[in-house]
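The data below hold one chain only, encoded as structure tokens and taken in the form predicted on its own.
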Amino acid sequence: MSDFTYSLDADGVATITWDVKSKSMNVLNLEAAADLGALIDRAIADDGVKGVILTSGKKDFAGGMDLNIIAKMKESAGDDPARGLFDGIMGFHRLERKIELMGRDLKTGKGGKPIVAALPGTALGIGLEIPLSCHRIIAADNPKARIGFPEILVGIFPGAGGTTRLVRKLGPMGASPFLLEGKLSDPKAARAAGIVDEVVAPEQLLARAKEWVLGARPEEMVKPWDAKGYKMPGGAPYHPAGFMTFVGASALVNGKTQGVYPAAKALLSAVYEGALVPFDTAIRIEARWFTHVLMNPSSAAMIRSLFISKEALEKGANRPGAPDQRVKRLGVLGAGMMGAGIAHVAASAGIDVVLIDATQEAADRGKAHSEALLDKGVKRGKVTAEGKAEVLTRITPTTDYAALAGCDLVVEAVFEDMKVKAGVTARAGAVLADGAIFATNTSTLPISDLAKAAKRPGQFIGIHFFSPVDKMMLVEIIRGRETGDLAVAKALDFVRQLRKTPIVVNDARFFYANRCIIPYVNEGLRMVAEGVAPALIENAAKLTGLPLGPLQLIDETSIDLGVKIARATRAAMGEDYPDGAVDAVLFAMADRGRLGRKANAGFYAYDASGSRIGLWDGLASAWPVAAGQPDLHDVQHRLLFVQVLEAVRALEEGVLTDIREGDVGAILGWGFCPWSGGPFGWLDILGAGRAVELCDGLERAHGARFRAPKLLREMAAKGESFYGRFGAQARAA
């Protein structure tokens, strides 16, 4: 059955309806594209057809391209995948050009029929590229709909005509937020930006589309760039105004991406070069640059981790077989920033929440945190007054543990202290029903040890939220030694209710995320002690695509927290503790009262409003900068390898059981170089052999922490990749 159906009414208006029966959202594949082309040919050839409406049989128009077809296009090209990709992309361009002309002869200007895209809801990616090739876009006034091009966020750009058409429609400056930032708009905002032409009431959508088709004038059936005398809005590159636009755009792109994201540079090249030539040449240029991006391993890695793997994890790829475990009533112990944040996201997801703290005043402050966040949403137009009231009514602040009766999940978020956590665990356990699940939100304390205070250890689990809870998308679920499958299913279903991305790991010191983050921060501190220039450390990190340098990161998380973790780790490890050089810097900063952003004083200096104003000038006197500085790449390799080697060790030790979780968790949890697809994605791009070679050099120069794990050496010897050995296809084989 085709994804597109065709009907012709008595007035000669053909309606092509897109409806992929097997999916909740329309996505395009190669077969469906061919079917659409055939229906367009049918409409053009039929003298009884006066015009065409292209619409959807679903509440939304389309979610874009099925990214899995990109791999098929490369595979089918055999020894010349670039040619296969380019030819496949040009097939989409030919389809859209056919829609754009609808039988009109470009040379004579004669012929042609009107076609209008009628969008009932969301239109993303190629789901917007196809409408942009229509003569008019009419969208239903659906505030939940999102219109735009999110491709840049997964390592590609709109390469099926969207880049060229949007720039020619809006001009480079007008198009840049949508192309370079992946900005999505509701229909009214898209109309204001000039992306869509009309917004009408949903019940009037098809009637208005038909009215336009029957009344379309010949000049309305010619796209601006096909009309005589067309000039690009804002000026072409050789125009003075256009020249300055492209100079600024180049600086903006490099400033934001640090030059490590190939898609952004390729997009800018496609826009610049395409703006210098006629439209039909421009779309070939766009196709070449799009092929260039798709051939870059970074693109494949980003698509895999940020789209395919992320979606699979959110749909429960590693969920144990258990009945639906969605949470009906949640208890939260501790109303500080973390507990209050958990209460807020849960209430916002429609879950009733009991928020408990030692005093009523503290519990009320926790609820007030949610009110403050909702007030911001109201000011920005993202939350209604009614919506705010509804969320707040779901949060009950109290000191009474008896209120936990009826809660099917409790999340403890009290102070990071074993005794304190054990106390509240026991108090809650005395009230909870036998089937309730108890979760601890901890970033460092062993789950299996905390479970000793639980009445039912099999129903005890770790749920590690990242701060701030309302913004961070990753949630790390930690299975203790005795944690049962039902608790894991409960935690996963809860995270899915919150519309966040879960990863499941086994219990070990620092779990997964923090065991990778802490060595990164520590390496930065080691380099400070060695006399490496702090600016070199910070900028080297950012030039790899990491969002924060290690010194800024420790300022953000607070230096006294680092001191506490260091002391606890030293107490646990005894003589095996390896970070004395790190502590010398960390403790000295704490002794000076420079505790980070919260104290307006840390490795960075801050103004009275708390804004960073540069690295603290006292660093130079406390830890003098050495006369000879290391090579940039040496600094970058140190900062990256201390993280990725911990990821490999986590896999080797069974803390990680799925490399998809390792990659998605690293990108969403601490922003590990999204261009790489994550630690395992980066090692696959680099190659295991080259990685071992670099590790050996780093180990000789800087110590055993850079020693290549046995697994990595074994893979290097066999010429294996992580996704070749541990990826979804390898597991299925």
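In this text the structure is predicted, and so the values were computed from the model without any measurement. When you see a residue number, it is the position in the sequence shown, counting from 1.
In what follows, reference is made to the form predicted together with a small molecule, a form of this protein that is not presented.
Residue (of A263, M338, L179, A540) lying close to the small molecule in the predicted bound form, criterion heavy atoms within 4.5 Å: The option sitting close enough to the partner is M338.
Contacting member of E416, D470, D583, D658, with respect to the small molecule in the predicted bound form [4.5 Å, heavy atom]: Checking each option against the small molecule in the predicted bound form, the one that comes within 4.5 Å is E416.
Close approach of S443 to the small molecule in the predicted bound form, 4.5 Å, heavy atom: It does: once the small molecule is placed as it appears in the predicted bound form, S443 has a heavy atom within 4.5 Å of it.
4.5 Å heavy atom contact, G127 to the small molecule in the predicted bound form: Answer no; every heavy atom of G127 is more than 4.5 Å from the small molecule in the predicted bound form.
Contact test in the predicted bound form: R638 vs the small molecule, heavy atoms, 4.5 Å: R638: no, not in contact with the small molecule in the predicted bound form.
Partner contact for Y401 in the predicted bound form: the small molecule, 4.5 angstroms, heavy atom: Taking the distances in the predicted bound form, the answer for Y401 is yes, it comes within 4.5 Å of the small molecule.
Interface stretch in the predicted bound form with the small molecule - options 434 to 442, 374 to 382, 226 to 234, 614 to 622, non-hydrogen atom within 4.5 Å: Heavy atoms within 4.5 Å of the small molecule in the predicted bound form occur in 434 to 442.
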